[in-house]
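Presented as structure tokens, the chain that follows is alone, the form predicted on its own.
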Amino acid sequence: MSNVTIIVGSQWGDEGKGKITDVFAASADYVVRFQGGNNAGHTLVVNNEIYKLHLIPSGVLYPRAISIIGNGVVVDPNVLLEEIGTLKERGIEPNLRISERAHVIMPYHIALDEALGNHQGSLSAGSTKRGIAPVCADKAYRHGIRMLDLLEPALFREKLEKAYTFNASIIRRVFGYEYTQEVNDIYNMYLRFGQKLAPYICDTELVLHRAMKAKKNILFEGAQGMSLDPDHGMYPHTTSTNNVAGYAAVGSGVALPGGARVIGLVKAYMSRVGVSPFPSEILGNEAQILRDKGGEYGTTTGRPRRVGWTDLVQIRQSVRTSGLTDIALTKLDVLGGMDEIQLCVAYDIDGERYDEMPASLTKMRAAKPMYQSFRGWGPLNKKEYAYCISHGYAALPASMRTFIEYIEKAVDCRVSIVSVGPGREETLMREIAQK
């Protein structure tokens, strides 16, 4: 059995990765975030207490596990400090390491993000306006600020002058927005952030390399979902950091062994925040009922999410691009009580059937869902679900098992984890498939 597990989203994000990461973190020595930024949000429910995380890995609630923010994460230091402070107030001392190579979100990135979103209009990604795209652009332009720079004042000043001039000029001259924050104010503010975060900043690549050689249990936690991957998702309606499983190596700086377990999160229905084609979207009152029942409001923004039926075309692509060995199917309890449940099994695009996701945005805009209908299952209560979990998969309602097994066959990947509530204990583990 591999000592490395990678957890990734297989839809638009918001599939429950935080909860499943928390479950697996119980046996992990290290939990690693390898991409994204504070545009992502993970909600954990432990002993009826709710924890909302944006940058710190979901394993932080286990004192034994070392939480690592990898080089592939873009970090807003102010948000990170607030998150650390909130955990400390609740009696949790984060066992945290931050990559010295992780890039830093600056105030001008956030201002530029808003201007970009307004400019892109119908081609926008529905940005959270947290500065993610501009900081990734600065990384590619090679004048980005990294965490280590905050600890080296002279170099930080040299790099900041260039990056500030570049970004402020775009905001003012290209988009015609006001930008009044002075470079000196940013410099002093971020030096203070660096001083506060200094105890956590280190060479996490070396830490993970040594852990890998020592055969420690390492859990990689992805953010967002496959359809938001800028290479493999529904571009340009994507995020700006890759979130398929292969990026775990790039975003952590450690080579992954063969045979790693790759768990793809799939929600029993779908949701997303942002603008894009959404072939299986549900609208109107039916959507509002599902949104409220599932609590489909953004952890980061609070925005109501668009909702729809699970799309197996999307899941097939995730199985391929991330090499999934297992699926964790979440929020099955939310569908309890429905007479009929649908799965989108293919698209009809101008009279032609598509079982795989086309790269063409024109085709995706024209895609119509082809559905398979399933009989629903009753609205089981917590006690009834607890009985099912203690007695195993066969104790689940027959119609739920039919739904699960259809997904397995349709996407050629085993559903090994069944989640029927937000708590750790509301998780049914089937035997884990291995390569």
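None of these values were measured; they are calculated from a predicted model. The numbering used is simple: start at 1 and walk along the sequence shown.
Another form, the form predicted together with a small molecule, is not on view; read the next lines as being about it.
Undergrad: With a cut-off of 4.5 Å between heavy atoms, is Lys331 one of the residues that contacts the small molecule in the predicted bound form?
TA: Heavy-atom contact with the small molecule at 4.5 Å: present for Lys331.
Undergrad: Using a 4.5 angstroms cut-off on non-hydrogen atoms, would Val45 count as touching the small molecule in the predicted bound form?
TA: Yes.
Undergrad: Would Asp22 show up as a contact with the small molecule in the predicted bound form if we use heavy atoms at 4.5 Å?
TA: Answer no; every heavy atom of Asp22 is more than 4.5 Å from the small molecule in the predicted bound form.
Undergrad: Examine Pro369 and determine whether its closest non-hydrogen atom to the small molecule in the predicted bound form is within 4.5 angstroms.
TA: Contact check for Pro369: no, nothing within 4.5 Å of the small molecule in the predicted bound form.
Undergrad: Among 186-194, 332-340, 99-107, 153-161, which stretch has residues with heavy atoms no more than 4.5 Å from the small molecule in the predicted bound form?
TA: Result of the contact check: 332-340.
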